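This document opens with one chain alone, in structure tokens, the form predicted alone.
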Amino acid sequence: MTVTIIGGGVAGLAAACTLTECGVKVVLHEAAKAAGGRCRSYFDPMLGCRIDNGNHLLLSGNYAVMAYLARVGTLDSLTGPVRPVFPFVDVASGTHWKLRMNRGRLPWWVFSKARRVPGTRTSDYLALLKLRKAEIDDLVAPLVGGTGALYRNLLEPLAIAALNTPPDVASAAPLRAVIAETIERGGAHSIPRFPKVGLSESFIDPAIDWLMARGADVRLGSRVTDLTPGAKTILAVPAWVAAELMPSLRVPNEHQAILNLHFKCRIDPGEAGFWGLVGGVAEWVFAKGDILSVTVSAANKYAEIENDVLAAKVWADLATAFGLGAEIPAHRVVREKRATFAATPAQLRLRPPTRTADPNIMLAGDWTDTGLPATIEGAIRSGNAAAMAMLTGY
């Protein structure tokens, strides 16, 4: 059996690896000259170094990610703190603090004032029980927004990062899934991880090398505009491209942007190498050698702001948080206008399953019905699911 995979992002690569490992001949088409989609690195001539097109904070409980990296031999390419620690900076007050979870499943860290979110009480964390029962129509902010400091300093930034959707319109159901697989399982499953070098070096280039070494046919710069009737095919493209190839397909059609700003600036990475920022425009900051890399999620509201103005706002947050000078260094602003589908109840209901009405066509992508938000973990699971569906038949 030969399977054609259309799309060379992590979903398509995961599907290709699973099929190849099972002895299936794979032909993978990627329209761009470089694979990876939103998960890739490239050389930026203005900054004079390689940068990631975005930042992705992984957790040790992302089992599909860890298995994928182990398969292609790059599990040791991740870095991060050795403990489940999350540093934060309140931009408004300049206060630095750390959330320190314990490794075990029993969350005794909520009883320690030194470990939990400042200004919270142990009883505040009972709000997490509400998330356990969240259904698709339950919205994040109405459900847990009344928890004061816990919401502002932890649940809100966590929700925005995970769902890439404003919490007042975002469904709490996919957030529930994330928390169930990480925080609820204990700190051992919540240790932050991210690539030491870059996304392409961890997720993309080694996977392509692995596939080609095992006989897979990887075709970069190869755009597919029509499906071949009867051909075994996995569509691992963005949702709107899948809908163009299969007009009868219903897919999420509303999206949220993500902004990534990369500043030529070196600071002490501290214990974790990253920080969550609250009370400003900047949300997550990564110290990557000579680059200070910032992510702003649910960023549709910044669509009309010019890059220079946006960079000045973000740099002001960084200057306050880390005691940096007022002069903005060389920087790059990367806008991903359709980074993920909007995680609203209406859009979640448009997520299609792996199998389609055509028994020869399977779907893969973080926009399919994985039960998770649009994340690398969800994308890899979707690729694995599409491969297994193809192997087991319709």
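As the structure is a computational prediction, the values presented were derived from the model and not from experiment. Start at 1 with the first residue shown and count on from there.
We do not show the form predicted in complex with a small molecule, though everything after this point is about it.
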Subject >> Partner-proximal stretch of 342-350, 324-332, 66-74, 31-39 relative to the small molecule in the model of the complex, 4.5 angstroms, heavy atom >> reply: 31-39
**OP:** Answer yes or no: in the model of the complex, does the small molecule come within 4.5 Å of a heavy atom in every one of Gly8, Gly54 and Val224?
**Re:** yes
Subject >> Candidate from Val241, Val218, Leu128, Val169 lying within 4.5 Å of the small molecule in the model of the complex - any heavy atom >> reply: Val241
Original post:
Which of these residues, Ile258, Leu261, Val117, Leu163, gets a heavy atom within 4.5 Å of the small molecule in the model of the complex?
Top reply: Ile258
Original post:
So, in the model of the complex, is Val237 in contact with the small molecule at a 4.5 angstroms heavy atom limit?
Top reply: yes
Original post:
Is there a heavy atom of Ala379 no more than 4.5 Å from a heavy atom of the small molecule in the model of the complex?
Top reply: yes
**OP:** Evaluate Thr375 for contact with the small molecule in the model of the complex, applying a 4.5 angstroms cut-off between non-hydrogen atoms, and reply yes or no.
**Re:** yes
**OP:** Although the small molecule is absent from this view, report whether Leu58 comes within 4.5 Å of it in the model of the complex, heavy atoms only.
**Re:** yes
